[in-house]
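Single chain ahead, by itself, as structure tokens, in the form predicted on its own.
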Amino acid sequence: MAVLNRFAGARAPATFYSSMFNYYALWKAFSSSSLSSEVDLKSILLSRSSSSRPDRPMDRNVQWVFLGCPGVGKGTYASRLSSLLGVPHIATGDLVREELSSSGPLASQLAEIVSQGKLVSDEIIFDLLSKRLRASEAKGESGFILDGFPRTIRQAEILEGVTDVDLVVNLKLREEALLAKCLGRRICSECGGNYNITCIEIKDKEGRPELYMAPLLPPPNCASKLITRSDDTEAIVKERLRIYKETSQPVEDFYRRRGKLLEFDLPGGIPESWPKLLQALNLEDLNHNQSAAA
């Protein structure tokens, strides 16, 4: 249960999902045509979206986006907020990994892209996201917390064309900690649980503790079944961080100009960061507080 603040307390309409499908279908149909420029394509899409989108009621759930470098913890915090607020957590990284593990037509193409640490194309991302949104619509879900999307200005403009994002949370963590976190990630091959075997302890020039992140160790029944993600190698992680830096600044500026960007520097691991993130969002995790008091 949560006490919501100025960012929350509204419910997204079911029409968001159908609007997204129409928008995506039109984008895909024209993306292979002979239009003279992407500007022409964008103006057609935005015109179609704005003219067909109905007015939305004020009582909708949150529509949030989580930004941040690979490995910063977007999935962890977005998932926790998803449970707290009762809205779906949609992570494009998970969608890519699910497709990779399948025998679908995109699996081999994605495998090559991921192995090189490159960004997945807009067309593939929209294809995967469209499938996920269709599943959400079928379940009657509303609102969303998007994790890993948008990653480019083009994606941000398309999202802006179909819905009004309430808030964009930009999680930040120093690069040396990010690299150590990514290299320490492990997954249980049996239950799929996510863990981290690295203890990160960074000190300042005077040797005083500056950042501490305790390891997230698996339970005994998972300890012997841990595997490493194929893309969690030092070379690939560094390449992903480099690419993210190049593409993230314009997206951050896009939302900063709209007054929707909340920058949050992670002060440590989950025990230190979670309550401070809730405070920054003016949220209260009553279940967490009751557990702590018990």
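Computed from a predicted structure; not experimentally measured. Residue numbers here begin at 1 and follow the sequence given.
Not pictured, yet referred to below: the form predicted in complex with a small molecule.
- Although the partner is absent here, T76 is not a contact residue: none of its heavy atoms lies within 4.5 angstroms of the small molecule in the predicted complex.
- In the predicted complex, at least one heavy atom of R97 sits within 4.5 Å of a heavy atom of the small molecule.
- Remark: K118 counts among the residues lining the small molecule in the predicted complex, judged by a heavy atom distance of 4.5 Å or less.
- Using a 4.5 angstroms threshold between heavy atoms, K225 stays clear of the small molecule in the predicted complex.
- For the residues V114, V168, L211, L146, the 4.5 Å heavy atom test against the small molecule in the predicted complex is passed only by V114.
- Looking at 159-167, 211-219, 135-143, 120-128, the stretch with residues near the small molecule in the predicted complex, meaning non-hydrogen atoms within 4.5 angstroms, turns out to be 120-128.
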